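Before any questions on how it binds or moves, here is one chain, the form predicted on its own, in structure tokens.
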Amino acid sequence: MQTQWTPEQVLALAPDAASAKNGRGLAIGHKWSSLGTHQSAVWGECQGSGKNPYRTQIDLSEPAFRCSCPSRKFPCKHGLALFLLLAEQSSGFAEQEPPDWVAEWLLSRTQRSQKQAQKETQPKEQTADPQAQAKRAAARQQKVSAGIQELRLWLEDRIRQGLATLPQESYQLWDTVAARMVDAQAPGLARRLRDLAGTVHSGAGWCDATLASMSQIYLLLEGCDRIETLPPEVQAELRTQIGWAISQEEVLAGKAHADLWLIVGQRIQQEDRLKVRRTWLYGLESSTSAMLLDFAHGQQPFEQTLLPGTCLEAELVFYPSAYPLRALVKTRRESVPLSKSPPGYAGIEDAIASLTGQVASYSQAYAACPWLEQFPLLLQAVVPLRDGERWLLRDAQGLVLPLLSRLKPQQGWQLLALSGGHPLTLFGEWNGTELLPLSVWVEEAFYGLAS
């Protein structure tokens, strides 16, 4: 049985603050009966308001949860409470054969995994009509090309008018042209235009940021006009930026990269009722960064559980790109809790460059792909400090890196409290001008930071 899960890791799985609070309230030994464990499974029964207790079980290999309670949240408060009990009071779990209700669930998970593996290895029996595919692709290309020309004229017109009046314009200005790009089947351009509406109203420095974003879009349009003359990886990048989807089957047919991947950070953003999760990985052997992008609608859980601060033995396949970062999991084995020493410290210490080196890495990546929106920075021996109203990171050479200007005050103070004024290892997303911290290692412990 794994015994090194930490409460912070468990609570990071909570779908919302209320679930975390309720799960914490139930993580008391006397509220549970029949606590047991066998290999990678743990289970228990918690008496609720009904006649029968809720049966809760966890497969720690992912980890995956199942509970008989009616909650639509995932994991529910019972799953969180059981996991917290394991993290804090593992001696309360008796090693024993799993009861039937646990064994049946574990068997069904094994059977699903086998079927999925079999499905992936089987050749496709039917392929789409290539002529019909080519006809659809040509029709879409025609729409996209028309949309690109329309957007080019719109951007040139906006630049001729100047940017000074943009903050006085309503959001409808951006929504209208974004809707036109949706009609042109270029959703990637539509998203960038909607993001621009927020940039214009972002406060100090909005003008430079707006001009930079508009320049990126214009460069994208220029690239699309001459796409046939560009290298294949740049062509793939341009199509991705436009919003030309590529199926997971096509991606998974690419070269797999096996490694022990350290989950160094995670961020979940809400877009209306859609949850978007970015999970950042670091290959301990290959020193390669990767990003897994997952979506979940409403109260639906994400398809896979990825716990920051743990290691995942897996094969990843990267999406074709001018600077590959986004990847899919092709195969995975058990998640591994943190070892006693800080996760990956020994393995990645040599790979963690100085602050200067990391920013230089970003410059190289940006030169290869000028449309990068987030870049993973893993920084060693940096100290958080406050300068006026801004939070900064300073390395041993005295160089500083600004943290996100919209960083919530409590996030900065939390970071300072964790460091205690001493150097720490930090991971975050760099957007070219500011860093959003997502996690830190302090001595032997990993801490995820609220984003």
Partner chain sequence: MGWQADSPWQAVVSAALLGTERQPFTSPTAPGKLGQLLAQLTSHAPESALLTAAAALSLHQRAGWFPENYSGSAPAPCSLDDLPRCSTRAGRFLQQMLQRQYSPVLPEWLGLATQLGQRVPDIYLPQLLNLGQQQRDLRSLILPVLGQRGRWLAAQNLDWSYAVEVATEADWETGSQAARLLYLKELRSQDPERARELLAATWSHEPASDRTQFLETFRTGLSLADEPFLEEALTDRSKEVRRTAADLLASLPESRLCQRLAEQVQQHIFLNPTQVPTLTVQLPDSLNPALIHDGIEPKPSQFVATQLGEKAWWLLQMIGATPLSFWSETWKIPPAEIVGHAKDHEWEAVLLEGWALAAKRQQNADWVQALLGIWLAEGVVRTPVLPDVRLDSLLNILSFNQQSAVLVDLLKSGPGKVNDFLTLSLLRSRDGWSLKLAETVLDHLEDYLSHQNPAMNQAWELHAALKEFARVIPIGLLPRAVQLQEGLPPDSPWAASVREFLALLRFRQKMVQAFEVTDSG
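All values reported here derive from a predicted model rather than from experimental measurement. Superpose the two forms; the largest set of C-alphas matching within 1.5 Å is the rigid core. Positions refer to the first chain, counted from 1.
If you look for the form predicted together with the partner chain, you will not find it shown, but the lines that follow are about it.
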| query | finding |
| --- | --- |
| Check all three, 159, 356 and 363, heavy atom within 4.5 Å of the partner chain in the predicted bound form | yes |
| Non-hydrogen atom contact residue 172 with the partner chain in the predicted bound form at 4.5 angstroms | no |
| Proximity of residue 410 to the partner chain in the predicted bound form, heavy atoms at 4.5 Å | yes |
| The partner chain contact at residue 74 in the predicted bound form, heavy atom, 4.5 Å | no |
| Touches the partner chain in the predicted bound form: residue 414 (any heavy atom, 4.5 Å) | yes |
| Contacting member of 206, 319, 323, 302, with respect to the partner chain in the predicted bound form [4.5 Å, heavy atom] | 206 |
| Heavy atom within 4.5 Å of the partner chain in the predicted bound form - residue from 35, 401, 41, 64 | 401 |
| Option from 306-314, 281-289, 257-265, 208-216 whose residues, in the predicted bound form, bring a heavy atom within 4.5 Å of the partner chain | 208-216 |
| Members of 403-438 lying within 4.5 angstroms of the partner chain, judged by heavy atom, in the predicted bound form | 410, 413, 414, 416, 417, 418, 419, 420, 421, 422, 430, 431, 432, 433 |
| After fitting the core, residue 206 CA displacement of 2 Å or more between this form and the one not shown | yes |
